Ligand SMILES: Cc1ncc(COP(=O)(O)O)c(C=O)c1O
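As structure tokens, one chain now follows by itself in the form predicted alone.
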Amino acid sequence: MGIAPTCWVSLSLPAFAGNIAHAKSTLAGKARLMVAVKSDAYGHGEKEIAETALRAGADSLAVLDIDSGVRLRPHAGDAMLLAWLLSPSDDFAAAARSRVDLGISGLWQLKKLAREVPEGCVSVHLKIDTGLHRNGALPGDWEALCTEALRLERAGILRVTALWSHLSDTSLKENELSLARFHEAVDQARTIGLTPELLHIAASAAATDLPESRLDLVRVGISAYGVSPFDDRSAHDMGFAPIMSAHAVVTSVDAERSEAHIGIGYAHGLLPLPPETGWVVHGTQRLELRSVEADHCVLALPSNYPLDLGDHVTLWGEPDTGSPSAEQWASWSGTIGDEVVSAMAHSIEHRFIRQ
């Protein structure tokens, strides 16, 4: 009989399915919906999340790299899988065999594709930089990239399925300028002779605040996991529910020092906090945090508070109990909500709520 875990994360697949339906109706609208499952679906478990997203109405999935796309293909049916973080050491032939779309931004990638998949017809998304400077083709290189892509398309090596870009989301004005740059690049590509099926540039933030950026497809990331991409509004404000919650059990109680330990710490992926920062909940009772250590957290106990060994404590992610949100924990730790959920170690048990 194994030793009971001292900490775990719970993940609600019904809540995630609800978030996907909400994103499809409020963010994508008439556009297709692509859901990001990068970094093991932000630490949530890529297989379960991918399958749930597609069942709930997502049209396609975004991964960072080819290996992730190959790994997910058996769980994605015929849905589009887009990988865009490409390395010279990547196996483009493996991408072709698993029907992984490639985000292409440089001539070297086209040359590698032609060399490794000479008889394939790989679906590619050509990426133009519109101001974020995140691995898109610079405007001065765009014509050459489109011209070579057209040549390879006519040779049957690839098909240009989409043109795309990332927005910086630093301000509405900057997004509007980037969207205008994108349309100029699309016009240039079409003049060269490309006929892409899809145009996509918007993620959660732009799809919310700049509806004209939705185009043919909207990419939704962390908001679908119930964590806000904004500083000025929560996921709850956007209509999204948290998916992941973090839990631990009480491993020691020291009544004389009015403190207790719970069995989770930064070695488990919990982001550390400054001393005497934040709280957790026991039932619905808020207990202040004294410190986050490697393998435990130290809680401050009110006088004569009834806390026993083995009691369950929620660190974040259950608003109904009054626990902090992932965004609150992020603000205490000086980072963003994505980091809070993504950092949870694989060594922690992931308990999926399926109904």
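Here the structure is a predicted model, which means the values were calculated and not measured. One-based numbering along the sequence shown.
Keep in mind that the form predicted in complex with the named molecule is missing from the display, and what follows is about it.
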{"query": "Contact of G221 with the named molecule in the model of the complex (heavy atom, 4.5 Å)", "finding": "yes"}
{"query": "Exercise: R286 in contact with the named molecule in the model of the complex, heavy atom 4.5 Å", "finding": "no"}
{"query": "R73: touches the named molecule in the model of the complex, heavy atom cutoff 4.5 angstroms", "finding": "no"}
{"query": "Close approach of W164 to the named molecule in the model of the complex, 4.5 Å, heavy atom", "finding": "yes"}
{"query": "Residue among C146, A185, I157, A203 with a heavy atom within 4.5 Å of the named molecule in the model of the complex", "finding": "A203"}
{"query": "Heavy atom within 4.5 Å of the named molecule in the model of the complex - the one residue of R151, R97, R134, R190 that qualifies", "finding": "R134"}
{"query": "Contact test, all of K38, Y42 and W84, partner the named molecule in the model of the complex, heavy atom 4.5 Å", "finding": "yes"}
{"query": "Proximity to the named molecule in the model of the complex (heavy atom, within 4.5 Å), stretch among 97-105, 261-269, 234-242, 213-221", "finding": "213-221"}
